[in-house]
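This document opens with one chain alone, in structure tokens, the form predicted on its own.
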Amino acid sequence: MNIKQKVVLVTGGSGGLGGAHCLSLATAGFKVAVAACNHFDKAKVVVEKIKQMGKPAMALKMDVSNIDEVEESISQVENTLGPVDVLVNNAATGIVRAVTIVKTKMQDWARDITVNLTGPFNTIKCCLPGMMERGWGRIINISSIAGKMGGAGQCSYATAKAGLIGLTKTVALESARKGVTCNVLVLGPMDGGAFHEVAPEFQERIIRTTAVRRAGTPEELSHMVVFLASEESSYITGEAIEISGGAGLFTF
């Protein structure tokens, strides 16, 4: 695929899935900025792996919910690697919390909405103007099947992930004629990231709802991320692409 040494910023790049995205994007030829908030040391490990491949990369400590930090971090990327051509909004929180609406604490609701929805808004708001000015850009948001189907005990997470789908379509409409695409990947159970924090018996219950009866691999997801980041995906925008092993199908 046609990459041409473009720069990609991956939020939540230190985790199992985010790290896989960073490595796959680097392998494809991107310069990678690995952003993390609570696990900056892990982000540096990902960067070291990329540099061992002979590829340029940098680690950033960034809280996506803080617009000032986002602006400062993007300036660091521009000064070190170059302007951000591709944005992957992977950072998320709240997936393993199982609390009904009645028992949900207001601070948990606020935090989940701020990180999972306001966070991508912040990064898009900072990166999109430069992309449109240069006439090229790719924005890839990471949502969840909970955003389409709801999730018992996941009111704040499901709400934020549903909002991310609406945000994606709006960004796509506003930027399509400026050479920028924006798509969202709607994930089912993936063998990596926060899914590993779910109790094993619940992991099995969730996997049984998929048509293929297994979790997806990080590589299966990252291949789609790389494709959407490439020149070849130029006619795809505003799409909610489900990668779930058929979790939205009627199974028995």
Ligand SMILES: NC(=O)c1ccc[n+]([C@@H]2O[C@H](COP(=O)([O-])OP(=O)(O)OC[C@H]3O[C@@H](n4cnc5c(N)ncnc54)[C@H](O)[C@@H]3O)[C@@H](O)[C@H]2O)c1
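Numbers follow the displayed sequence, beginning with 1. Just so it is clear, the structure is predicted and the values come from calculations on it, not from any experiment.
Below, we refer to the form predicted in complex with this ligand, which is not included among the displayed structures.
Heavy atoms of A57 never reach within 4.5 Å of this ligand in the model of the complex, leaving it off the interface.
In the model of the complex, this ligand stays beyond 4.5 Å of every heavy atom belonging to V184. Taking the partner from elsewhere, T27 is found to have every heavy atom lying beyond 4.5 Å of this ligand in the model of the complex. Heavy atoms of A33 never reach within 4.5 Å of this ligand in the model of the complex, leaving it off the interface. With the partner removed from view, the residue among S156, T93, S73, T168 that has a non-hydrogen atom within 4.5 Å of this ligand in the model of the complex turns out to be T93. Interface residue among M131, V77, V115, I140, judged by heavy atoms within 4.5 Å of this ligand in the model of the complex: V115. For the marked spot (L17, H39 and D63), a heavy atom within 4.5 Å of this ligand in the model of the complex is present in each of the three residues.
Only one of 142-150, 77-85, 97-105, 176-184 places residue heavy atoms within 4.5 angstroms of this ligand in the model of the complex, namely 142-150.
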